[in-house]
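Only one chain is included here, represented as structure tokens and corresponding to the form predicted on its own.
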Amino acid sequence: MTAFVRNQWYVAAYAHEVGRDLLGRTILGEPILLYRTEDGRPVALADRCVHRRFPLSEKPSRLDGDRVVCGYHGFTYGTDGVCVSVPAQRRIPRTARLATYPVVEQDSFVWVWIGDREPGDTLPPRAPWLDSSDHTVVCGMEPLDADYGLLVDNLLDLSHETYLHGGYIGTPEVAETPITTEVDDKSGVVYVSRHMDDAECPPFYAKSTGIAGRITRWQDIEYHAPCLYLLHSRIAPVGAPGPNPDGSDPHAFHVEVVYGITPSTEKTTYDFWAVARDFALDDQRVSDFLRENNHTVVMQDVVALNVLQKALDTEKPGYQELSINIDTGGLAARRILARMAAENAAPAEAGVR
């Protein structure tokens, strides 16, 4: 199992999912209630009534103004988690309060801080294309019955596109082209790049961009441990000029693929996915195509990782895993996640002694 990394920001929901209906999510094993106040501010509280542990996200629980009313016995809580009303008595037990979680709404995501200390000045990593007028976005979320580390491995080794996603996003060149990997251990970021100078154009790009022939295809990954994955994808016809010295790139199409990788429990994960493009911004047919195709690709990963998790659960202790060059990024991510988890656990363990 990949250890949980606490004292970090995690994607809890898309901003459009959080409204005046009560939404429940479980993050790092903690049940969390999400909603918006009447003035639009997102709130995150523990999703269990202190009285008999009824999930506050379940009906008939409801909002009364900005207060949450438990649908089982009527315990009522403010946005600060403090209970303000209990049935049949005026005295409210001083322990009647819910845990609260820091929240940041950024780049179309609602992020929640999970940990035993405050985030201070620490902010979530950015995915600005998701909330930019220069891009059009399609997005979704799929739950996995698998360890979140398996999804990290999957996304940092895109050679699997050739085999698992053939006919959609994969072509032979993805598996054939070597990668370069850089690791920023201090910042907890892994960079993996694969630049294909002459590649088949997969249907995902051929039908969305209109390119008929072979392409130059760049895949530049940034994984910001533990939660955010960015894939900067550049597609251009073979022979088209490259980026200009000032960074502009008018001869290419650009797709930013974003994943929020949020552990729910030890063996379940929220897979938030989004595809932002800088072309055909107002073409609904392109949006529909990319949404359907990327959802298919995501579901192919979901099915494969669920199968893989079941297989790993049956392995005998001490089995040997084989790794090769394409696993360099994934192995670096594993090391970073293990270090981050250990650093967070160390103070608590020291306190026990």
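All residue numbers refer to positions in the sequence shown, first residue = 1. Source: prediction; values computed, not measured.
Omitted here: the form predicted in complex with another copy of the chain. The next part is about that form.
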{"item": "Option touching another copy of the chain, based on a heavy atom within 4.5 Å in the predicted bound form, out of G81, G170, G71, P125", "value": "G71"}
{"item": "Heavy atom within 4.5 Å of another copy of the chain in the predicted bound form - residue from T177, T268, T100, S132", "value": "T177"}
{"item": "Among 244-252, 88-96, 275-283, 222-230, the region lying within 4.5 Å of another copy of the chain in the predicted bound form by heavy atom distance", "value": "88-96"}
{"item": "L290 within 4.5 Å of another copy of the chain in the predicted bound form, heavy atoms", "value": "no"}
{"item": "In the predicted bound form, F204 touching another copy of the chain (heavy atom, 4.5 Å)", "value": "no"}
{"item": "4.5 angstroms heavy atom contact with another copy of the chain in the predicted bound form for R48", "value": "yes"}
{"item": "Another copy of the chain contact at F75 in the predicted bound form, heavy atom, 4.5 Å", "value": "yes"}
{"item": "Sequence-ordered residues of 24-58 touching another copy of the chain in the predicted bound form, heavy atom within 4.5 Å", "value": "R48, V50, H51, R52, R53, F54, P55, E58"}
